[in-house]
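Single chain ahead, by itself, as structure tokens, in the form predicted alone.
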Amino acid sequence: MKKHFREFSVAAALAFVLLGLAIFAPAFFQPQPLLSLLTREAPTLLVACGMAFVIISRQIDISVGSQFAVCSVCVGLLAAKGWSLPLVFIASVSMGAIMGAFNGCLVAGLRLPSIVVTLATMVTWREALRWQRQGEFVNLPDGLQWLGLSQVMGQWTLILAALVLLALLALATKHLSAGRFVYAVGTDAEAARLAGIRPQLTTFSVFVFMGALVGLAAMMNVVQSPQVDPKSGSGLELKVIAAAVVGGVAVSGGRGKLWGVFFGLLLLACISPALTHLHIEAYWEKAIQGAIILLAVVADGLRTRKQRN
């Protein structure tokens, strides 16, 4: 219990918020709006899982929003040209992995600070997309929306796919050596090297995996709408970093659980609709999110100091 205090505390906070909504705003739990909320957050959950791995390895990637937009537009353009759904899926994941590999080469290969590298690529991808599209939306063929299923079936498919992938990744961190390597590198890269782990290869792999998850998330997001907005993904990097930190991933690296990230994302996602149902001004959303993130960071800092002492 003590080992997973942060994760349990986030889950408890989420339960407290849901209980309060059940008492003061029961309309929040209407099936269709709640299903729509979970569907919208399904792609974000995948990116948040990837960001958790990046932070655990003691790196950061703030270019995920721009990668998300590039992959989304590529999906739309390829689908509009008549590419089949499986080929579009492969192309989206591959495009994300390529952009992640580019970040990984600069961070792991040249040993440049990840914050600087991903800041540069964030601006580069976003501005290149703005120049190429000029804000023009991409119209999608009818068969792509909701994967060719009904809206309700499509929504449940996306939600279940995200949850299954979350479970698989959580199991991988516990039972696969690759997952343990990420934690080892984030805890102490030099000690990991002496133990036979290749920190640079691990770091590179984490960025590639991050990009692949972004490509998959972009695909899951595109099928929810008849058009692709080239500005999609704006602010995504802050949202997923916040979800990871609030969910118990240590900003200093080496610690964190994916199920904590899941609860952290749900907690942050509930704020906006909760304010709407409680008839509170929407501008409070960012303030509340910021306060939650600040409390999480302070708690992590106090825990780190206690462990050192």
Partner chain sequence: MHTAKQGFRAILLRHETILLFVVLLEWLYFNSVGPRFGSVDNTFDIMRHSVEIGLLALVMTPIILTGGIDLSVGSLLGLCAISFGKFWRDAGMPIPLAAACTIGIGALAGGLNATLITWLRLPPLIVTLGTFSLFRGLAEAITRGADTFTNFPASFLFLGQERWLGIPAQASSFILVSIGIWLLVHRTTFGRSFRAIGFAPEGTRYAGISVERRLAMAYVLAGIIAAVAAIIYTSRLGQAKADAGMGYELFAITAVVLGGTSIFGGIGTVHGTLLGVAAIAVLNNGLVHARQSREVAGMLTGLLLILALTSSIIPKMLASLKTRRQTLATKPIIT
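Positions refer to the first chain, counted from 1. Here the structure is a predicted model, which means the values were calculated and not measured.
There is another form of this protein, the form predicted together with its partner chain, and it is not shown here; the text below is about that form.
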- Message: Just checking whether S84 would be counted as a contact of its partner chain in the model of the complex - the rule being heavy atoms within 4.5 angstroms.
- Response: no
- Message: Using a 4.5 angstroms cut-off on non-hydrogen atoms, would I293 count as touching its partner chain in the model of the complex?
- Response: yes
- Query: Is there a heavy atom of L266 lying 4.5 Å or less from a heavy atom of its partner chain in the model of the complex?
  - Reply: no
- Query: Are any of the heavy atoms in A242 no more than 4.5 Å from a heavy atom of its partner chain in the model of the complex?
  - Reply: yes
- Query: Of the listed stretches (103-111, 86-94, 156-164, 209-217), which one has a non-hydrogen atom within 4.5 Å of its partner chain in the model of the complex?
  - Reply: 103-111
- The unique member of A80, I98, L149, A120 whose heavy atoms fall within 4.5 Å of its partner chain in the model of the complex: A120
- Query: Which residues in 127-166 have a heavy atom within 4.5 Å of its partner chain in the model of the complex?
  - Reply: E127, A128, R130, W131, Q134
